[in-house]
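Before any questions on binding or motion, here is one chain by itself as structure tokens, the form predicted alone.
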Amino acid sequence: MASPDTTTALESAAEMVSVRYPWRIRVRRWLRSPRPYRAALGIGVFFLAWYLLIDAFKVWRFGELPGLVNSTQEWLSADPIFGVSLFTAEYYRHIWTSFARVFAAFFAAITLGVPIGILMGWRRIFFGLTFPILEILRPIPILAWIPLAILLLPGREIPIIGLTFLAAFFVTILNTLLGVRSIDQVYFRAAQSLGFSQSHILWHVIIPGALPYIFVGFQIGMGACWFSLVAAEILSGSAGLGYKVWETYYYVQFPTMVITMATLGLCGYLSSGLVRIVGNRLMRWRAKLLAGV
């Protein structure tokens, strides 16, 4: 049995580790929770079903689809049949091109969408002027915007970014608007009675109160960027993951098509995870701000 001095020393060492390496504590907690194992089980069931339906039992309805074994071999091959794998420069060129377009469109969407959403939720006159326009434009599919984007935006790259921007833009505005509308009016009346200026109300009431909704909108907007990017790259691009999906389908390179689709999903997952991490960090700032620390 450990002595009290030994126990105290161990507790002190654990506290020092938690202070110096907080990420290690979070990783340990995550590994002790059931979340990673449930995720691994769900992914494993998906790949097992893919293998059984196509590779093992060759179910007729899935006969034209590439099997798990062939797709994995192509992805991991140093000399792939169709020229795209983890070991080829072309693979990373498409990934980098899509990432650059998505993040350019995403930052443009949040730069414009958040101020507009705040004004719509804060000022009734602005809401009355802009909300009908938003509701008319928002349901229009991304594919319907392609001719206008090509006509109005110069070059080949800017129309793709513009089309990718639209989906995240509308999502960001609506979530920001919802966040501002969710703030209790008591906080506004209290701030006014304390003599807060409009800028102080913005920074100390509206932004902290709406921040959770804003970051939910960012996560949804990032996903919207990826699926709208695919449509834009298919019709207007010459590189990128969306363009590669269409090219591989056109040339009947189905294993590479599956590889590209899986890469799209992984890129979207990592991008949303990055937004979630930033959001969690800023939520700490919000909690301190609301607590008056």
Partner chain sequence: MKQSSHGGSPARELTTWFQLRRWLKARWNLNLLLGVISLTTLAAVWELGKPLGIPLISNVPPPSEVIVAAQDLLTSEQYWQGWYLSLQRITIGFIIAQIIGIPLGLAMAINRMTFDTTFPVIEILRPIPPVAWIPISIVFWPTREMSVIFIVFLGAFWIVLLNTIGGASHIDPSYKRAALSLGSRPNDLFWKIILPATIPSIVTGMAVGMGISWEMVVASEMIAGDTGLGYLLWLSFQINAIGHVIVCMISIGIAGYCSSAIIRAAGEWATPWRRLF
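The term rigid core refers to the most C-alpha atoms you can superpose between the two forms while keeping them within 1.5 Å. What you are looking at is a predicted structure, and each value in this text was computed from that prediction instead of being measured. Positions refer to the first chain, counted from 1.
Only in words, not in the display: the form predicted in complex with the partner chain, which the text now covers.
J.: By the heavy atom within 4.5 Å rule, which residue out of 186, 136, 194, 78 makes contact with the partner chain in the predicted complex?
T.: When the partner chain is considered in the predicted complex, the option within 4.5 Å is 136.
J.: Going by heavy atom distances of 4.5 angstroms or less, which of 152, 112, 190, 100 would be at the interface with the partner chain in the predicted complex?
T.: Looking at the other structure, the residue within range turns out to be 152.
J.: Against the partner chain in the predicted complex, would residue 144 count as a contact residue? Criterion: heavy atoms within 4.5 Å.
T.: Looking in the predicted complex, residue contacts with the partner chain include residue 144, since a heavy atom lies within 4.5 Å.
J.: With the partner left out of view, is residue 148 within 4.5 angstroms of the partner chain in the predicted complex by any non-hydrogen atom?
T.: Residue 148: yes, in contact with the partner chain in the predicted complex.
J.: Answer for residue 41 alone: is it within 4.5 Å of the partner chain in the predicted complex, judged on heavy atom distances?
T.: The answer is yes: residue 41 has a heavy atom within 4.5 Å of the partner chain.
J.: Would residue 132 count as touching the partner chain in the predicted complex under a 4.5 Å heavy atom rule?
T.: Close contact exists here: in the predicted complex, residue 132 approaches the partner chain to within 4.5 Å, heavy atoms only.
J.: Among the candidate stretches 80-88, 100-108, 120-128, 209-217, which one is within 4.5 Å of the partner chain in the predicted complex when only heavy atoms are counted?
T.: It is the stretch 120-128.
J.: Select from 241-278 the residues with a non-hydrogen atom within 4.5 Å of the partner chain in the predicted complex and write them out in sequence order.
T.: Read in sequence order, the residues that approach the partner chain (within 4.5 Å, in the predicted complex) are 245, 246, 249, 254, 257, 258, 261, 264, 265, 269.
J.: Does residue 265 move appreciably between this form and the one not shown, meaning a CA displacement of 2 Å or more on the superposed rigid core?
T.: No, the C-alpha moves less than 2 Å.
J.: Compare the position of the CA of residue 46 between this form and the one not shown after a rigid core fit and state whether the shift reaches 2 Å.
T.: Yes; that C-alpha moves by at least 2 Å between this form and the one not shown.
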